[in-house]
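This document starts with one chain, in the form predicted on its own, laid out as structure tokens.
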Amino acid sequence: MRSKVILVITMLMMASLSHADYKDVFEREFVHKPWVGARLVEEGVCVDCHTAEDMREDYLTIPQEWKRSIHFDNGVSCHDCHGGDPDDAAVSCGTPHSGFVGTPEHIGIPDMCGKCHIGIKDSFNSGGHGKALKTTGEGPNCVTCHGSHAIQKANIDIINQVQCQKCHSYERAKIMKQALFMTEKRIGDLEDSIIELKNAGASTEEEERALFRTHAEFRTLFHSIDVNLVKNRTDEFTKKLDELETAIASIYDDLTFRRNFSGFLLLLFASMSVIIYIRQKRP
């Protein structure tokens, strides 16, 4: 009878441990990952044509540049920007009814990018860069800073002496970068914390959405290149990030408690098993 009791307790102890492991794996692999997966990128005839032997040399590198970009990572394909039909070579580009845009005029690039980046386009147009572009037809547009096809995730390092001095002195840009620095750093630290919590099996969807909204709003703001506007609204973003930091700290505390409690239960079951075993051995 005592042997059966020990066996049951041992099984419960192992089941508790297995359940914890299974729960972590289940949350990590299913609960916190989208069921449908990421949007697939369809290359189609655009890539076939741009990698053909008779293609212009300066066009041959475009597919590889695109495949290194954040657009590719997020399922944005050639026709999403340039129009045309990627499944039909006859109307993929160059025909009036295909909707093909091709390479837009220099002044039209913000409108092209603004089809998706609406808030950023409006902020850009209201700022010094956008006004200069509209007035003269020259000056910086989206690709001046971000590039055209090998577009990477935006970061504060885009504001640098080499880039900015193509058009003007770096001094004003440097002031803008200083105004952005602390907020951008806090956002980056919060992104790292969320990744760490997700890898540990914690649920962070709400915090991810809040941080994404805050970051998008902040980056929309600084495309106006208005230093005073950025400084005046810094307190607003500081408050939002304070709230996010509090929420993330709470998740860390909850995760630590669950780990400690699981360890306590494991120790408790193990102790009970030892006590019963010792009592069984007594005459």
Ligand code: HEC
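Since the model is a prediction, treat every value here as computed from it, not as a measurement. Heads up: residue numbers just count along the shown sequence, starting at 1.
This protein has a second form, the form predicted together with heme C (HEC), left out of what is shown; the following refers to that one.
- In the predicted bound form, P104 approaches heme C (HEC) with a heavy atom inside 4.5 Å.
- Contact check for I151: a non-hydrogen atom falls within 4.5 Å of heme C (HEC) in the predicted bound form.
- At the 4.5 Å threshold, heavy atoms of Y59 reach heme C (HEC) in the predicted bound form.
- Using a 4.5 Å cutoff between non-hydrogen atoms, K134 does not count as a contact of heme C (HEC) in the predicted bound form.
- Taken together, S193, T238 and Y252 are entirely out of contact with heme C (HEC) in the predicted bound form: none brings a heavy atom within 4.5 Å.
- For the partner-free chain shown, F124, G128, H129, A132, E138, G139, P140, N141, C142, V143, T144, C145, H146, G147, S148, H149, I151, Q152, K153, A154, N155, I156, I158, I159 of 122-159 come within 4.5 angstroms of heme C (HEC) in the predicted bound form, judged by any non-hydrogen atom.
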